[in-house]
Structures are given as structure tokens and as C-alpha cells.
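A single chain comes next, written as C-alpha cells; it is the form predicted alone.
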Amino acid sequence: MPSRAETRVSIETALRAVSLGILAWMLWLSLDHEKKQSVVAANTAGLSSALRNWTKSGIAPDNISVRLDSVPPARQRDWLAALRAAGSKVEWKGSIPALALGADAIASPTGGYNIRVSAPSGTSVVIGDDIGPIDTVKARAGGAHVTVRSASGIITATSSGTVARAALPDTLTVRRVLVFGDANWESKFAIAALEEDGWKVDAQAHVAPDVSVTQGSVGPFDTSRYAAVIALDQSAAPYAGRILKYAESGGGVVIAAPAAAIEGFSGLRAGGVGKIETAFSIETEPGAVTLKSLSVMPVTGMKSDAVPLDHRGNLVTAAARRHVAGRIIQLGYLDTWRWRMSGGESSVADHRKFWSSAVAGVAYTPTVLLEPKATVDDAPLARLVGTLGFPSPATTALPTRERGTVSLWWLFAILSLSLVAEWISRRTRGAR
């Protein structure tokens, strides 16, 4: 029969074995062997509450799978990115429309904004601002365009639950327009159209050799004075060199068909000048004159950096290009005054819009920053991909499991008790 001393030695040996076993077990767990993976999932509707719960748990889930039917707000996207940085593997899945939004101020005295939306063809997009909906458009050929006279706050575009936001652009400084042309109907009504739309016009009308009539005060050709210069015909030839320098400094130039043949404009224009083409309908069909029934001198041999703006069949009737810092539009239409005088009920408004849009397309209009820009989300899907990566097949959601069958705190407590018990037993029997 073993003595009491031998029994205590056996107990101490057992306690030491327990301590060593627990230490080995804790080391094994620290090396992450056979750790149970925690996998969680959420959808768009429950993502906000799920993010709070995952964060409050104290330990980030190993795998997060999110099924989305629309792009979540920026705050939730950043939250998911933070969980990924904390060690979670984040995956998302869903078919979300690629929506993007842009807004530009119109370079016109009447103001307004050009709103452009990129969206899958055939989808409906609701355009709005801080006050409410403005218009509903259907995307065609990958996008849509809306012109609005006024808006307030942030512009929004909503499609299939996804919302893109864009801040209103800065206010533009709209300066005067300078027109060169003969004293004829074309000059008279081109100037009238611009003035009716709010442009302040200086003009020089050629009456006879060495005789001109000036409207306003024709000042230096400088962007500090003029937003654009319009050359209507050959009367602009003496000023071609100055107009060229004006364009190089950033000014806008509109070159009408009769003026495009001026040799001094060869470096400015978008292409060559073709022979006069008379529309068949103007000779055989009586009635209202339209833009399409006017004769044209088409833009031919377009330069490599020129962009066609309008066509009539295979003919380019308007084209644009950049020259150094300035923008140039070359028009091919002849006698646009006929459209205004002999057109239909809307011909006056259409003629006005034609000339005002041409000037707005090239005008030099410096911006005035009124206030700091608001934070926007103009391309939600692109920002989602930029934050979390491309969509991938979601991990099958499993119930959240603990990382071990026994709490590490319990293991530490048992280890401490075994070590203390062994130490007390050895000290009471006089052993070291």
C-alpha cells in the first residue's frame, strides 16, 4: 500500500500532466488548427442592422456574404471595407444596374443644366433634386440626356433602387458675343436670335467697301470681354488673324458656311468646305422651311481631331474641334434666316435655339465657385467595385459558431488551479 507521501507525489504528477496538457491544447488553438469558421450573410434590406450586430460581437466574422439588389449607401460600403480590414473575407453578389450621373451648367444667359445619365438601355431613370422629381427618362444607347432650367441642391438619378448623386456645378460667367457679317438678313436674324436668348451682342456689319456699321462697342478680341466670336461670311476675312489668336487663348469661335472658305480660318475649321448642296424638298415641296430643307456647304475632309455634330445623309453639316485652348464649331447651313421667316409655328424659337446652342457649345465661360462642393456618389456601382471588388459567388451561409468547444477563459482557470494546487502540495510536504 503506497504511503501518503507517494500518494501526494502521484497527485502532483497528475496535476503537472493536466497543466502541460492544457498548455499544449492552448498552443494548438493559438495555431488556428481545426478552428470553426464563422460565416454570416445579409441582404440589402437587413444590411444596416447586420453590420451593427457583427461589429458589436467583438470578433469580426471570418466570412461575410452580402446579396445586393441595389448599391448600399456609402456609409455601409465603408463599414464593410472596415470589417474586411479587420480580418473578415467580404464577398457580395447581385445584379445591379451600372448607373452614373453628371451635371454641367449651360453656357447661356438663361442658365440651366445639362444632366447626363449612363444606364442600361431600356431602363427608366427618375431625375430629381432636393425638392423632388424633375423628369423620368428611358435610357437609350446606354444613357439619356435632360436639360433643365433650374434645380436645387443635389441632383439625383434613381433606377432599380440604386441612386446616383451629383452636386450642381459652379455658376458660369457669361460674357458678350462678337459677330462679323454683311448687312443682310442672315446677320440681322442671327443677332436677333442671340439677343432674344439673353446674349449681349457686339456686331460689325459690312455695308460697302471700307464702310461698316458697328453695334455696341467692338473691343479687343480677348476672353476677358468676349465669350465667343461668330464669323458669318467673308466680311470676317480682315480679322482672321486676330480671331485665330483669340481661339488660341481659349475663346470660342463659330464659323458659318460662307466664312469657312476664308483662307485665314484653315487652321481653325473642322474640315474643308464642300460644294453647295440644295435639299431636294426645297425645290419640289411647298410649305414650311425647316433646318433640313436649307441648302448646305458640307464639312469635308474632316481633321483627325474633329467631331461631327450633325448629318444630312452622308453629309456632315456641323462639326467641332479644339484649337489649342479654344473650341470651334463649323456650320454648313446657308441662309438660316429663311428658316425663321418661312418656317412653321415654332420656327422662331427653333432658330433662336439653334444659334444660342451653337454659341453655348464653344463659349468661354469661367466658373465662379459659390460654396464648397458637397460629397456626392455619382457612380455608385463603380464606387462599390472600387471599395469591395467585383461581385463573386456568395459563400453559403452557415450558423455562426464559436471558435472552440471550451472557452479559453475556462482553460486558463483550470491551468491556474492545477499549477497552484501542485505548488501548495509540494511546499506543504517540504519539496521544492
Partner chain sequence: MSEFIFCTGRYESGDWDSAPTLPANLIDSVARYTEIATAPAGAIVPLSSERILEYPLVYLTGHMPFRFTEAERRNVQKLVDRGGMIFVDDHNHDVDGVFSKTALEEIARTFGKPADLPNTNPIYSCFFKFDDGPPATSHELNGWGDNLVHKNLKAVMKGDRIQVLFSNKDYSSEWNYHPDNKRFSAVDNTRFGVNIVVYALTR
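Numbering follows the first chain given and starts at 1. Note that the coordinates shown come from a computational prediction; the quantities given were computed from them, not determined experimentally. Definition used throughout: the rigid core is the maximal C-alpha set that superposes within 1.5 Å between two forms.
There is another form of the same protein, the form predicted in complex with its partner chain; it is not shown, and what comes next is about it.
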Q) in the predicted complex, do 47, 51 and 128 all reach within 4.5 Å of its partner chain through at least one heavy atom apiece? A) no
Q) Is residue 208 close enough to its partner chain in the predicted complex to count, meaning some heavy atom within 4.5 Å? A) yes
Q) Can you check whether residue 344 is within 4.5 Å of its partner chain in the predicted complex, heavy atom basis? A) yes
Q: Classify residue 213 as contacting or not contacting its partner chain in the predicted complex by the rule of any non-hydrogen atom within 4.5 angstroms, answering yes or no.
A: yes
Q. Do residue 269 and its partner chain come within 4.5 Å of each other in the predicted complex, heavy atoms counted?
A. no
Q) Counting only non-hydrogen atoms, which stretch in 309-317, 334-342, 146-154, 130-138 is within 4.5 Å of its partner chain in the predicted complex? A) 334-342
Q | Contact residue in the predicted complex, chosen from 292, 353, 188, 200 - any heavy atom within 4.5 Å of its partner chain | A | 188
Q | Answer option from 244, 83, 100, 183, heavy atom within 4.5 Å of its partner chain in the predicted complex | A | 183
(Q) With its partner chain taken in the predicted complex, which residues across 247-272 come within 4.5 angstroms through any non-hydrogen atom? (A) 258
Q.
If I superpose the two forms on their rigid core, does the C-alpha of residue 220 end up displaced by 2 Å or more between this form and the one not shown?
A. no
Q) Against the rigid core, is the Cα displacement of residue 132 between this form and the one not shown at least 2 Å? A) no
Q) Just checking, between this form and the one not shown and with the core aligned, does residue 345 shift 2 Å or more at the CA? A) no
